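First comes one chain, alone, set out as structure tokens in the form predicted on its own.
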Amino acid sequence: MRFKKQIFGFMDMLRFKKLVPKRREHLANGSSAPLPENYKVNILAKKLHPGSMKVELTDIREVSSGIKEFVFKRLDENSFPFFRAGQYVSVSCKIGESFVSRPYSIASSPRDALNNRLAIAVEDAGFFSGYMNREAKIGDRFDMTEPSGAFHYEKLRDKKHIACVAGGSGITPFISMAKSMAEKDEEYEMTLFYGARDEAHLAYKSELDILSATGLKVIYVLSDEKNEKYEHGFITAALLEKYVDIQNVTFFLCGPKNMYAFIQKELSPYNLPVKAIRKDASSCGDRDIENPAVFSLKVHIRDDIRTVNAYENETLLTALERAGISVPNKCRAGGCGYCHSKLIKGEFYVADGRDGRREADKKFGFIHPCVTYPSSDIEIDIPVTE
């Protein structure tokens, strides 16, 4: 209904009084056809952000010594959501009495997702990853979160030329990024420095050699083996300078913590801005505590209240999973906020450099169980898993 301002104010008041009757008249004369049950924007939103997905393992292959690739298809839909190369998914299942999950970077390309194919690479280390490498078989079914994470190229933030530094199984997100570049979904130029102990531990070597023919530049660096085909030693600033202009690239790092510390120390003399060095977050593990104390962890999930043991050296999330309690989580690194929970009482410790809470969360007593360790008996309220 159009409203034209009148010269005299009282005329506006009279017309304003008629607004409600006029609206009722329009509603009475409107169509009685029912509104659509599904709007296109909601359908698209559900495809891109399904929350959780039911998946089946369709293929397993070894990609290097100690690392296997696992390929999944989605059961509840005929495709995976399109994602940004470099992102991760969290895979979960019940192992014995424990309900366990772990985040893994996606190795396949975003286009593969549309063909109902999603691949991750898993190193045979740790409880869940060890289970995947030694016991998982084709046909097994898992729960999987939608692709998530900020470890991806962003045109407005990053340089056109990206220098990717991978250590061990940290090669996984860069396989996806290289494929996305080859498929013309991304416009960056990519130089990849890949460090491993020896040639046998270079995962996806054949795929990387093929991708090298499409524009990817790969520099292999072996620490324990001398081979004239590869660089030897560690990925130092001198080695980086040999292949890229350090001041005119954005660095993407994925690998162990020691690699992050070493690379950042090597790059510190260059005074690069914070945004020039991107690090993929790793899961938060156990604290190094001798003879850890055992505390009581009381958890509320709506009307379900349970009490379990929680060790001083393990995160609250680990304690809950060990007790077979399924709780929401994705990154296990304190950043995504998906496990955001209310602290009712108790003392706790947050892993160094992992406190991704907002100031409001801290003020009103919220924690992220994935990076929080008990320092006393503790009680929390956790949201329900989707």
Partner chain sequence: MKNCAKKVYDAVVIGAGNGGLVAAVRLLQAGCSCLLLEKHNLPGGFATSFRRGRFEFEASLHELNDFGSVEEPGDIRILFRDLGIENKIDWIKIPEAYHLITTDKDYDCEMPFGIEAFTAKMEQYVPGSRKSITEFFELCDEVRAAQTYSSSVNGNTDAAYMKEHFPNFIKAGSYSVNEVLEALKIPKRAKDILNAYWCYLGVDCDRMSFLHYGSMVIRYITRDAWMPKMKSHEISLALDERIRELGGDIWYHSEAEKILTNDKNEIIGVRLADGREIETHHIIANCSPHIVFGKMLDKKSVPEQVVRATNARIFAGRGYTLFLGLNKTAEELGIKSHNYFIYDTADTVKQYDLMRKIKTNHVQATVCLNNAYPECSPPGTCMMYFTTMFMSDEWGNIPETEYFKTKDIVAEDMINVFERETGCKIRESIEEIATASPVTYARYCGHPEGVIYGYETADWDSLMPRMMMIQEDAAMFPGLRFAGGFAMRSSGYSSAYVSGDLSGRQTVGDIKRGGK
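Definition used throughout: the rigid core is the maximal C-alpha set that superposes within 1.5 Å between two forms. Positions refer to the first chain, counted from 1. A quick note: this is a predicted structure, and the numbers were derived from the prediction, not measured.
Only in words, not in the display: the form predicted in complex with its partner chain, which the text now covers.
All of Lys40, Leu156 and Asp303 with a heavy atom within 4.5 Å of its partner chain in the predicted bound form: Yes, because Lys40, Leu156 and Asp303 each have a heavy atom that approaches its partner chain to within 4.5 Å in the predicted bound form.
Residue (of Lys205, Arg278, Lys179, Arg117) lying close to its partner chain in the predicted bound form, criterion heavy atoms within 4.5 Å: So the residue touching its partner chain in the predicted bound form, by this definition, is Arg278.
Listed residue (Asp185, Glu199, Glu266, Glu77) with a non-hydrogen atom within 4.5 angstroms of its partner chain in the predicted bound form: Looking at the other structure, the residue within range turns out to be Asp185.
Residue stretch of 133-141, 147-155, 222-230, 89-97 approaching its partner chain in the predicted bound form, non-hydrogen atom distance within 4.5 Å: Stretch 147-155 is the one.
4.5 Å heavy atom contact, Glu359 and its partner chain in the predicted bound form: Close contact exists here: in the predicted bound form, Glu359 approaches its partner chain to within 4.5 Å, heavy atoms only.
Contact label in the predicted bound form: Gly324 to its partner chain, heavy atom within 4.5 Å: No - in the predicted bound form, heavy atoms of Gly324 and its partner chain never come within 4.5 Å of each other.
Its partner chain contact in the predicted bound form: Arg84, any heavy atom under 4.5 Å: Arg84 belongs to the contact set for its partner chain.
Contact of Gly346 with its partner chain in the predicted bound form (heavy atom, 4.5 Å): Flag for Gly346 set to no.
Heavy atom within 4.5 Å of its partner chain in the predicted bound form - qualifying residues of 35-55: Residues within 4.5 Å: Leu35, Pro36, Glu37, Asn38, Tyr39, Lys40, Val41, Asn42, Leu44, Ala45, Lys47, Leu48, His49.
Core-superposed C-alpha of Lys17 shifting 2 Å or more between this form and the one not shown: Yes, the C-alpha position differs by at least 2 Å between this form and the one not shown.
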